[in-house]
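Presented below, as structure tokens, is a lone chain in the form predicted alone.
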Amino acid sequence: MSSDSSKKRKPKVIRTDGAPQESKRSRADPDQDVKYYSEEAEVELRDPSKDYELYKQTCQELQRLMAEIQDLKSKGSKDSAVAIEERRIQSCMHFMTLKKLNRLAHIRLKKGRDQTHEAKQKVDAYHLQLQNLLYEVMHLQKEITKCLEFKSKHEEIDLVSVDEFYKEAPPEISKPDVTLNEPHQQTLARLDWELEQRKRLAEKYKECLANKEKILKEIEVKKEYLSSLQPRLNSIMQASLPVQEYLFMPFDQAHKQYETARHLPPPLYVLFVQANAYGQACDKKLAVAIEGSVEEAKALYKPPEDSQDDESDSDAEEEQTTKRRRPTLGVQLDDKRKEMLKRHPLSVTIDLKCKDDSVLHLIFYYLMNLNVMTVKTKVTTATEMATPISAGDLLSPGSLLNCLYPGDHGKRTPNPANQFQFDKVGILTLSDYVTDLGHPYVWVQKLGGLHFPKDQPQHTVTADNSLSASHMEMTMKLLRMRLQSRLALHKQFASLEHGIVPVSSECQHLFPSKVVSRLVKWAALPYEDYLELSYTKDVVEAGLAEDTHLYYTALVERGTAKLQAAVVLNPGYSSMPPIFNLCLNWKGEKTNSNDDNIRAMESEVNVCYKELCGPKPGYQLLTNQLQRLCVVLDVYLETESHDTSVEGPKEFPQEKMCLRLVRGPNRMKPFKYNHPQGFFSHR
């Protein structure tokens, strides 16, 4: 059957894959029936999308035929051979179709590449033409730029404007009939006018030089007159000194002080200038002065003279004293420490006067090698004051200015670089030397214009006037408030030690007319003893008790009841109120941990302190708190229930008027005093 099908095949067809048809015809047999067609021409006529659909259909038919052939072969029947052969022939036809589609796809790809290549050649040709044109344009622009940049000598001369030229120049130079239409002739005429003007200016310059010489001679004559006038003015100033003293106008003294201020180091100079300016503008009671040796200050900046002679003398001395022992290591370290802690010979003193004529003396020093400032304090009063035993630390130089600003205790140097200097000479901390050198408070550095940032350390810190000026007013107010508050406490302690709680007339309405409990003891308490008390642990744990604070103990009695109070006095009194911890010894020991009413008594004194401040600035707060403590003790004892098993009258008869004796499950007592009604109630 295959042979029959092969005999019935179509006539031979010769394909032309892009080759000329003549060559194909020459190769073929002329007697044979040959049909010629071109697949390249057929590609132009066929639709690629339809060919793609034909390709998918052919593939599907092939898959179907292969599946049928496989099924027929798997059955293995005798009649299936004919069916298999038919399907094989159909499959071959489909393969021929796929080959043709493949050829057509390759021809399309080749044509696409040829078209792309031709388009690229056209683009390259156009690009080459564009580059040639751009090169010509650039060449022409260079030539134009050369022409435009050509400069003549006359262009360096600033000539007058054309309008001004025709307005000022004479007609024989301007020649308007010729130059208006010809720019070249106009430029030549303008140059002639410029030459004429310069000749006139040269003559004027000579005249001005002659006048200058004449004026200089007059100035020399006046200088001679003024130099002869200076000695006469000095004699007049000396003669006017008694008048200045009588009128309280010490001009000569101020002049000498400013002359001395020239030798101050920069931080002390900034402090002196800013304090003087603040005193003149805002505080007439502020006095600023300079103390120390000016000669020593001048010697610090003088270069050493006759260094060679000194070296020869020192060599001779070494030869004569060869038997002397060298200083030991300890002596050398002591000398290095003294040199490092050396102060400048000059210092600035500020006297701050208060209304009661008490004076706070501040002496500012500058440590040259450490680049920090220190201060020493001293207090003088108008009248001699009795010194209470408990007021020993109130006016002491070590604690008077302590924590003027929060956290500024003045025990450590504010300059971070000093620690490395201390390590070299064996100094552990500056606090061991503050007694002699003074305290290096941070506010002292700011008054001198010094600022030492900790997050970004600087190699050199210079004095800044603006920093000193911004802190001067606030610091002076705080210093005056600190002195007044300490003097007020000093007077109050004198009364408290004698068992008298001074209450001013402005604060009498805060308390009832009759207070039975009385203060029997007021004394200073060491910091270590305060920490050991059992009823002060909550204050210590809260961080409200530091070694910079002042500690006192008070004892209030009424009959057999004894109320002991531990008082923490903040250095910033009275803006920061004192803190009281209470312990009542009556029918056992009662504290805030085992008695709610003791806790309420502490709250009356510590929390409600604003009711007890009194008139500003509130320096009577401490005594008012102690008086309130006596009042609440009376209320506590008088409102206690009477033990019926004990015969006799009640130990503490009720003398205070209370709305309710107790309230709530905790049996709280009425500690709030209501004025002017005069009764006690609960809060």
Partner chain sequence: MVPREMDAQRALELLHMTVFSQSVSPCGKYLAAGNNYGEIAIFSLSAALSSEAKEESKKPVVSFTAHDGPVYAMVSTERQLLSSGNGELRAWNWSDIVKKGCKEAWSRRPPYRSSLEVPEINSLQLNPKDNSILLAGGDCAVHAMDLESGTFTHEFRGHSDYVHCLALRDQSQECLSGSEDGTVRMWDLRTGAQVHLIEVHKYEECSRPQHGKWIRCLATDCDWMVCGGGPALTLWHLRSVTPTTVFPLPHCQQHVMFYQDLILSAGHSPAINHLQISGEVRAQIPCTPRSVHSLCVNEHSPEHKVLTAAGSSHKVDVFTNFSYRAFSLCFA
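None of the values given here were measured: they were computed from a predicted structure. Numbering follows the first chain given and starts at 1. For the two forms, the rigid core is made up of the largest set of C-alpha atoms that agree within 1.5 Å on superposition.
There is also a form predicted together with its partner chain; it is not shown, and the following applies to it.
Q: In the predicted bound form, which of 187-195, 102-110, 600-608, 166-174 comes within 4.5 Å of its partner chain (heavy atoms)?
A: Among the candidates, contact is made by 600-608.
Q: Going by a heavy atom distance of 4.5 Å, is residue 497 a contact of its partner chain in the predicted bound form?
A: No, residue 497 sits far enough from its partner chain in the predicted bound form that none of its heavy atoms falls within 4.5 Å.
Q: Any chance residue 592 has a heavy atom within 4.5 Å of its partner chain in the predicted bound form?
A: Looking in the predicted bound form, residue contacts with its partner chain include residue 592, since a heavy atom lies within 4.5 Å.
Q: Quick one: does residue 596 come within 4.5 Å of its partner chain in the predicted bound form, counting heavy atoms only?
A: Yes - in the predicted bound form, heavy atoms of residue 596 and its partner chain come within 4.5 Å of each other.
Q: Is there a heavy atom of residue 542 lying 4.5 Å or less from a heavy atom of its partner chain in the predicted bound form?
A: Yes, residue 542 is a contact residue.
Q: Ok, 568, 430, 404, 341: which has a heavy atom sitting within 4.5 Å of its partner chain in the predicted bound form?
A: Answer to the contact question: 404.
Q: Of these, 576, 525, 515, 434, which has a heavy atom no more than 4.5 Å from its partner chain in the predicted bound form?
A: Going through each option in turn, the one that passes is 576.
Q: Does any residue in 473-488 get within 4.5 Å of its partner chain in the predicted bound form, counting heavy atoms only, and if so which ones?
A: Just 478.
Q: Answer yes if the CA of residue 674 moves 2 Å or more between the shown form and the other one after aligning the rigid core, and no otherwise.
A: It does not reach a 2 Å shift.
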